[in-house]
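Below, in structure tokens: the form predicted alone, a single chain.
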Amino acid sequence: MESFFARYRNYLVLLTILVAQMIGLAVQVRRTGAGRSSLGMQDGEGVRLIRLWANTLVSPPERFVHSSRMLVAGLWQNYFDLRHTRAENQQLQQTIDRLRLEQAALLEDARQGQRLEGLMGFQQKYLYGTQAAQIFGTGGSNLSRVLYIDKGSADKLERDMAVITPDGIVGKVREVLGRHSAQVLAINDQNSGAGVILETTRIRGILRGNADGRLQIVDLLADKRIQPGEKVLTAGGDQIFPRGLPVGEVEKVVNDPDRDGFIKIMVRPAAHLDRLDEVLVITSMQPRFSPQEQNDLATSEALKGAEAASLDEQRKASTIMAERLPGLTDPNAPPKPVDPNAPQPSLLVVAPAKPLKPIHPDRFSPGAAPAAQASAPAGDKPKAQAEKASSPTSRATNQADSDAGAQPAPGSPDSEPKPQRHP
């Protein structure tokens, strides 16, 4: 029987030659990164085809073996080797809980730091002396709204001291329980109160708390000017809260069911009375100023003193000028008071001027006879002369003529000779 090689010798030789030729080409030809093949490239510039072919043949089995090994290792670690997983899980859970608590504590410290920073900033800028305190307890009854702070007699706290926050008023010190504790009566308690004023309408009222813990202004007559949203400030008349502190804003206006014509104003508090942590207690009502403010006040007082001295000098100069020049009066000077006991000046009686003696008298001259007398008959002349002598004007004229020593003018009726009668 003829062998396989003898039978297919020509084909095998041809196949061998082709394989050798292909191997030779694969050794000589290099392939670039762009996928192109070329001859004569230097070493390191491309990958030989024979290496690519070898990699193509070896890579699939190698990947299969590697994937099988990873699969077996994963199954062993994730499903079979779990003896300590439960303990590690518990430890990790405890660590997570601890970290959450620490995060919450840090967050609370950060928030407290922000609140204290704002509180200290307000305390430094506030005009009156204050003492910062922290709330550590509240009242156990809904009908009594009290707070407990960690400041007491050691910090010079006394009864009826105002308790505030940067947002608004809180209440007043009700009792000083010890050296480091005191009780604060909140402003929304039924037994508390404060004098307030509406910012826009300037209406004054009394702020009190009701049974529900809400703020209200009572005993007010109905007024259409009061609108929701108006700011409410302290009036300062209660001698506890200083004037001008924020209280809240008007929430709504309701009619008083017990009295006609009266209203109640419900007020939304400015301070968060249900979640307070730090407060300020006003320990002194005397204004305090920083060194810069004190310097500014001293400068202002000096300027005011200099201005007052200048005004006094001007007033003295005007007084001296008025004394030297009596005809000049100061329009800004106050009127002089009138003394009722001072002697009044006597009235001067001016005598009427005597008429001059006319050079050419006529019938219109003073002392001349009227025309009716001149035309009267001779028998009526004595009667006319008697009437003339009896008249006041004639008497005054004759008196004046006699005082002056005047003679009757020639040509006048009086100068004519009177007829003599013989018996």
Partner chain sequence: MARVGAISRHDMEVRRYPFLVYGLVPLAALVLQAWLPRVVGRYAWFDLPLVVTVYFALGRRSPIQGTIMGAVLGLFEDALTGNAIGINGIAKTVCGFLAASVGIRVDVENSAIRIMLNFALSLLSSAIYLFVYRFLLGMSLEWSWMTQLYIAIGNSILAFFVFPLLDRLKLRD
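Computed from a prediction, not measured in an experiment: that's the story for all the values here. Numbering follows the first chain given and starts at 1. C-alpha atoms forming the largest set that superposes within 1.5 Å between two forms make up the rigid core.
Keep in mind the form predicted together with its partner chain is missing from the figure; the text below concerns it.
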item	value
Contact flag, E62 vs its partner chain in the predicted bound form, heavy atom cut 4.5 Å	yes
Exercise: T138 in contact with its partner chain in the predicted bound form, heavy atom 4.5 Å	yes
H360: touches its partner chain in the predicted bound form, heavy atom cutoff 4.5 angstroms	no
Proximity of I240 to its partner chain in the predicted bound form, heavy atoms at 4.5 Å	no
Answer range among 227-235, 185-193, 92-100, 308-316 for contact with its partner chain, defined in the predicted bound form as heavy atoms within 4.5 Å	185-193
Listed residue (L276, L157, A133, L220) with a non-hydrogen atom within 4.5 angstroms of its partner chain in the predicted bound form	L276
Interface residues of 215-234 toward its partner chain, as seen in the predicted bound form [heavy atoms, 4.5 Å]	Q216
Rigid-core frame, C-alpha of A211, shift of 2 angstroms or more between this form and the one not shown	no
Did L71 shift 2 Å or more between this form and the one not shown, C-alpha, core superposed	yes
